[in-house]
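The chain below stands alone and is given in structure tokens; this is the form predicted alone.
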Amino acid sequence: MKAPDFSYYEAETLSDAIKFKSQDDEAIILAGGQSLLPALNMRLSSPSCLIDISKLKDLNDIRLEDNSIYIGALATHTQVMESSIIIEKFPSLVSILKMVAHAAIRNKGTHGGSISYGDPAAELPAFAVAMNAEIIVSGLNGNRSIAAEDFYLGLFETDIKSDEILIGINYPLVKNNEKIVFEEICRRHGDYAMAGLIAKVKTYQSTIEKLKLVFFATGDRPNVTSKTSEIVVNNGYEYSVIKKSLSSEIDFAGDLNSSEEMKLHLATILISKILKKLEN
């Protein structure tokens, strides 16, 4: 298919991009373009203008701060994967990014682009929610920090205002008694997941003390299942009980990859897979 007609504007500074965006509600930010351009070609998005921020400086930093890691919006997936800071402090993120499409796409696709696009089938929005990340946006009134769990409002809908641009993400450091465990089920490597799960686990003497389960490719946004997490911590894993709980917490949405019922089944199985990883 062919993309709809739109104009193009290459921003020279962040303030320049913010000003231009504030004047046009239908303009869309272009960073790596690996999610946006296919959406344009399939007529899933019809912007009036693409505001290209790919050449802006200082938006691709990856740095260790006091109690967090900051990843700039324009850092590519490959840059994140190859960062010594990420390899040392967030090896789980490296494992997650290996499942994002293919190398050519990871070389161009940006961390901030994936976070801001809000694709419910993507890994990074779920990772941000699982990590209790703070998403930093910049607008006419300055910077604003948004909790990742409050950032995603619906299908491809986020809390970014019309004059705001995502500039970076702050991830709290994983503590010594915490683990990030990732699992997804897809037909082939690089395909969209049929269902996926990122778990943040707090342990005490090899026992799960606290569990946060965040599913992706299941509904219209990253799905946090607090009730199911409590059941697993208190009662362990029993397929029928977990399946019933998940069905009450997630509004499963079928897609080309799997039906609603299949996603419910896979989500239930994913918890079992996560627990087996923790035993190893």
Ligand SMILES: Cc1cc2nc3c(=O)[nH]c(=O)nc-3n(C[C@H](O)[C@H](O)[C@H](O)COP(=O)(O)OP(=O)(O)OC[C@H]3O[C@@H](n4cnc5c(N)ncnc54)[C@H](O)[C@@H]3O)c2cc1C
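Counting begins at 1, following the sequence as shown. All figures in this text were calculated on a predicted structure; none of them were measured in a lab.
Although not depicted, the form predicted in complex with this ligand is the subject of the following passage.
For a residue to qualify, one of its non-hydrogen atoms must sit within 4.5 Å of this ligand in the predicted bound form; all three of 77, 101 and 109 qualify. This chain is displayed alone, yet in the predicted bound form one of 92, 170, 83, 116 has a heavy atom within 4.5 Å of this ligand; that residue is 116.
Exactly one listed residue, out of 126, 73, 199, 135, brings a non-hydrogen atom to within 4.5 Å of this ligand in the predicted bound form: 73. This chain is displayed without this ligand, yet in the predicted bound form the stretch 101-109 from 101-109, 83-91, 139-147, 199-207 comes within 4.5 Å of it by heavy atoms. Interface residue remark: residue 130 is not counted as part of the site for this ligand in the predicted bound form, having no heavy atom within 4.5 Å. The closest heavy atom approach of residue 166 to this ligand in the predicted bound form falls within 4.5 Å. Heavy atoms of residue 245 never reach within 4.5 Å of this ligand in the predicted bound form, leaving it off the interface. Although the partner is absent here, residue 191 is a contact residue: one of its heavy atoms lies within 4.5 angstroms of this ligand in the predicted bound form.
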